[in-house]
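In the block that follows, a single chain appears as structure tokens, in the form predicted on its own.
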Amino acid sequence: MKRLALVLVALAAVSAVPAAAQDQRPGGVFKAAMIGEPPSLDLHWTTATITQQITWHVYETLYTFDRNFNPMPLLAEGQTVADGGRRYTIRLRHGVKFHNGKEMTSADVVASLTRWGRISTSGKPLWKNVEAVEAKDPYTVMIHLKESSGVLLVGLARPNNGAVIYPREIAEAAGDNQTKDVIGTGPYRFVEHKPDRHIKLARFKDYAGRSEAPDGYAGKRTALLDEILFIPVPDVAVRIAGVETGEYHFAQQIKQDQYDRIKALPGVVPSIIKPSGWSTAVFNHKQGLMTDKRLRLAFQAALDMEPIMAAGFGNRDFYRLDPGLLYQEQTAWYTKAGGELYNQKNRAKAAALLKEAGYAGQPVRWVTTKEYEWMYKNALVAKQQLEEAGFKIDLQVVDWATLVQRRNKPELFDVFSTGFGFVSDPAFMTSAQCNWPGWWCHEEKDRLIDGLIKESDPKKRRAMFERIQVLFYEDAGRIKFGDSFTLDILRKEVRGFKTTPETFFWNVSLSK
């Protein structure tokens, strides 16, 4: 299969503390201040970014991405493709151990991929094209496809809600339910989860890493730290103060309007992820008020995105107004198709649509959170604009874990806040998936998503994606507010940290 060539031209505006290899010493306890508690530690089960940020130190996939977002072997040794692209034979690495001491074999891979393809948001669309997965011998897995695919390895490499490999007994025992057993093959092993205190990982001494030089998320992964503590710190001011005093080594999701102050703090280094994601309001298409397309279109028509994004991200260097579902930096995919329906600022149109729909002031239940403060501020400004157009918005502020739980229950919300992160290929955009909370199911759009998975011709795939983006706006599938760039911070004594769309702490050390 051809490698995907989506080079991020503008990625990593400010990187943190480059270090020579000889400057890195093993040891120490690394403390990362996170925005809150993850809703689960089962990566097959949730798309929550915080779950991935923690658990992909523990779990690994068959493939991962290099710096140019080409899929590269991780647990796999390599693959051959036959039968016109419909049969993938994947060779596994020998001697890879799980944290319980058991060697990984094809039986673990088959059980894990089968479960992932059945229950995960990212796996379900890919698995529609999978006829069978079988273990040919202890170190060989064969995947039979119904039709050739241009994105199978890309799908297996995605970190978020990724196709991580669990021990067979854990994958099979969990079935469609959430597993509580956190056992993988990664450089760090799970030790304990003390809610509201920390999630502790420790170096896995028997880790079987790759030998190639680090390249993006690919190549050698070394656990230089003795332990990593992921600490829930919902208050952003406390996260900043903790890094300033040295209580924490890293803090995520810092308010962008603090950038100038951060740059002046001694011992603190800013890290900007650009592009990072885009801010969104997600409609409930399954149940309730927002199943009425006219109400969704009214919502979309009313919004003025500049004050919404300014409230959420403060500094103009950290956001931009853009209709694209993928980013300007992704030159192979970027398009403004359908963009005339973005950022309309048309309250009169919204009011007319509300009247046509017979809207009588029923409260629109919008669930948001202050743990991602930008979500709350985006929602707060949008609420004011929508109410000026004739909506009544019931803004319900909860913690992030509760939001993730509620969004799975269509009877509990009409709209919820979230953000969609970077993806390397539109076939795996959570923003377009029918089976993800909000349940934006649309016959033509879903057919085009299936086509993206099967088609390998770049021109045909781009045309499919452009049409999906048009439908996104014509049907008001979700609401895109704008692109956002993330500000994280870390202590100057952190060595080896890389600014990438996905945060990781392997190959990272402390200078003291």
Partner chain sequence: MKTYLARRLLALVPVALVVATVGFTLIHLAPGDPASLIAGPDATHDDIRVLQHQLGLDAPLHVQLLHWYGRLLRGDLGESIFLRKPVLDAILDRVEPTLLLTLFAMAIAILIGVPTGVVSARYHNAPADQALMSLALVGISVPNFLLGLLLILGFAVGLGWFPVAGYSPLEYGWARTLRSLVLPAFALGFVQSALIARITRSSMLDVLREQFIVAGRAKGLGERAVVYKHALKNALIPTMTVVGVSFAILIGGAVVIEQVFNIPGLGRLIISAVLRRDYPVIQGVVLCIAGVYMLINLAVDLAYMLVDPRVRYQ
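What you are looking at is a predicted structure, and each value in this text was computed from that prediction instead of being measured. Positions refer to the first chain, counted from 1.
If you look for the form predicted in complex with its partner chain, you will not find it shown, but the lines that follow are about it.
The candidate spot formed by Glu77, Gln328 and Gln330 is out of contact with its partner chain in the predicted complex: none of the three has a heavy atom within 4.5 Å. Screening 202 to 210, 219 to 227, 232 to 240, 96 to 104 for residues having heavy atoms within 4.5 Å of its partner chain in the predicted complex returns a single hit, 232 to 240.
Of the listed positions (Val164, Val404, Ile273, Ala350), a single one reaches within 4.5 angstroms of its partner chain by any non-hydrogen atom in the predicted complex, namely Val404. Checking Arg87, Lys255, Lys124, Arg320 against its partner chain in the predicted complex, a heavy atom within 4.5 Å turns up for just one residue: Lys124. Using a 4.5 Å cutoff between non-hydrogen atoms, Pro39 counts as a contact of its partner chain in the predicted complex. Using a 4.5 Å cutoff between non-hydrogen atoms, Glu306 does not count as a contact of its partner chain in the predicted complex. Though the partner is left out of this view, Trp436 does reach within 4.5 Å of its partner chain in the predicted complex, counting heavy atoms only. In the predicted complex, none of the heavy atoms of Asn346 sits within 4.5 Å of a heavy atom of its partner chain. Contacts of stretch 358 to 393 with its partner chain in the predicted complex, defined by any heavy atom lying within 4.5 Å, are made by Glu371 alone.
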